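This document opens with one chain alone, in structure tokens, the form predicted alone.
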Amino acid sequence: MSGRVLRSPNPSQVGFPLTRRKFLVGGASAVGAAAVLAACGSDDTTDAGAGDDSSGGGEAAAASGTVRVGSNYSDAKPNEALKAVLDAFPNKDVTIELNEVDHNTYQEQIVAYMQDPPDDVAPWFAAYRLVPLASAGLLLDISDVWTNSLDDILSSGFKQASTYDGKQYLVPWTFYSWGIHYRKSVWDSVGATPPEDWDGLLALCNELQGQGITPFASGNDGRWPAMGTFDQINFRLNGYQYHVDLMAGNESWTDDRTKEVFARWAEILPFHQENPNGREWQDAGQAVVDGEVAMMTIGNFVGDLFPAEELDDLDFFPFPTLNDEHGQDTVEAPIDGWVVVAEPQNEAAAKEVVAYMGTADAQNTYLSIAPGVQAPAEGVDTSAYNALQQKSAELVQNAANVTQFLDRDTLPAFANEAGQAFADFLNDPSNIDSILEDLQSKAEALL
């Protein structure tokens, strides 16, 4: 561990106007290295019984009947893996009905979905994405699930990531890191090696392009992938504190430091696939799988696109240094999880399902099919991690600062505006001044 880990901040620390409420200590946000890597050992539990209660335990064991589980796991491997987990649910007195929704549609319409929920259990995210749903009373308080089943197998850091107003609303399920991913055999064939700084990245892009290889894959159809590139450049150039202050509305989108992010971004745009706003991230990632494009700024989940026998050919490196003052000290590591809707039709079964999702048994089953992420439960079989998972876990463990992701580190309404602004920038980089002026006015109205 390199020094004190900083986390995506508590709203009270950075000035978020969260009406009458605010997060618990640390925020329902990205957690620090020791806490995040609960798979390597919880920081607040003993080993007694860790990971043994895969049924959820306590009163939930009496559940029966039908429980409806929503899913935005629309890609092939995550979809197969989730179904395998639910098929292995140990209480056979409970029938699970799975309702599958396209990932982008689900995320864009989540508030409407939760206001008239078709399901009892649903996937969602830690950090500020939890705030609007919990504060509006759209989620069920599942603090008893934590007390009865999860406190012994998930670290205090993950508990903080699941907490709003002193209560728990989320069961952490997986996490992963962002970086620049590439196929090793393609790089070996052209003698390429990962760059450590910006000049090295530009030189590599020129070299690849000179050999007829498109350097970067790019798909921004859902308006969120570009957020990842912005985050990387901003905290590499301006540092963690500036990044989170900008997300909070305490720095300006028209500041020269922010404009410099887009100036650097514009330097590498010619090395990306054209027309990214019309391409889904899966199609961009498949170009890396097929060896048509050299690399992609994305989360480790891109590994789910690779055939199992080819996964060892996937590697990644942290986004290169842009400013020696900050180096590569910040890592983006989002946490995904499960919530229960405010008025489930079968509360007992819903609580038992989410308790089960927090166990090592459930998470091991998922990772055995979809190994593009890591899992938080005490007792997860980290010896089965592939090289990519091990590298990601070590990267997060050694990070000085950990963020979640732009759309989880700021209020959702503003994240939507930022996503559209980034798409506009990709369409016309020359128009960045007016784009940022407009985005700043929206930040002032929303943050």
Partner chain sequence: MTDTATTVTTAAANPTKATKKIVTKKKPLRPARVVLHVFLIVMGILWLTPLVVSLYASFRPFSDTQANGFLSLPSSVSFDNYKAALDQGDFLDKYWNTALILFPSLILTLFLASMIAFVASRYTWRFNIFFLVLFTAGNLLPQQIMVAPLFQAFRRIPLPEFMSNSGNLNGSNWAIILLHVGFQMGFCTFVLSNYMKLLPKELNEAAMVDGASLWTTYSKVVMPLTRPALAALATLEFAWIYNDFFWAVIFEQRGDDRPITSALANLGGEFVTDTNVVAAASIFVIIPVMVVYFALQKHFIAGLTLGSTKG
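Only a predicted model underlies this, so the values are computations on that prediction, with no experimental measurement involved. Positions refer to the first chain, counted from 1.
There is another form of this protein, the form predicted together with the partner chain, and it is not shown here; the text below is about that form.
Heavy atoms within 4.5 Å of the partner chain in the predicted complex belong, among the stretches 181 to 189, 264 to 272, 314 to 322, 106 to 114, to residues of 106 to 114. The partner chain in the predicted complex is approached by Glu100, whose closest heavy atom lies within 4.5 angstroms of it. Using a 4.5 Å cutoff between non-hydrogen atoms, Asp75 counts as a contact of the partner chain in the predicted complex. Contact annotation: Phe89 falls outside 4.5 Å of the partner chain in the predicted complex, judged by heavy atom distances. A residue is said to contact a partner when one of its heavy atoms sits within 4.5 Å of a partner heavy atom; Met357 fails this definition for the partner chain in the predicted complex, lying far away. Exactly one listed residue, out of Phe230, Trp281, Trp253, Tyr240, brings a non-hydrogen atom to within 4.5 Å of the partner chain in the predicted complex: Trp281.
Checking Phe216, Trp146, Phe301, Trp338 for any heavy atom within 4.5 Å of the partner chain in the predicted complex turns up a single hit: Phe301.
Residues are counted as partner-facing when one of their heavy atoms sits within 4.5 Å of the partner chain in the predicted complex; in 244 to 269 not one qualifies.
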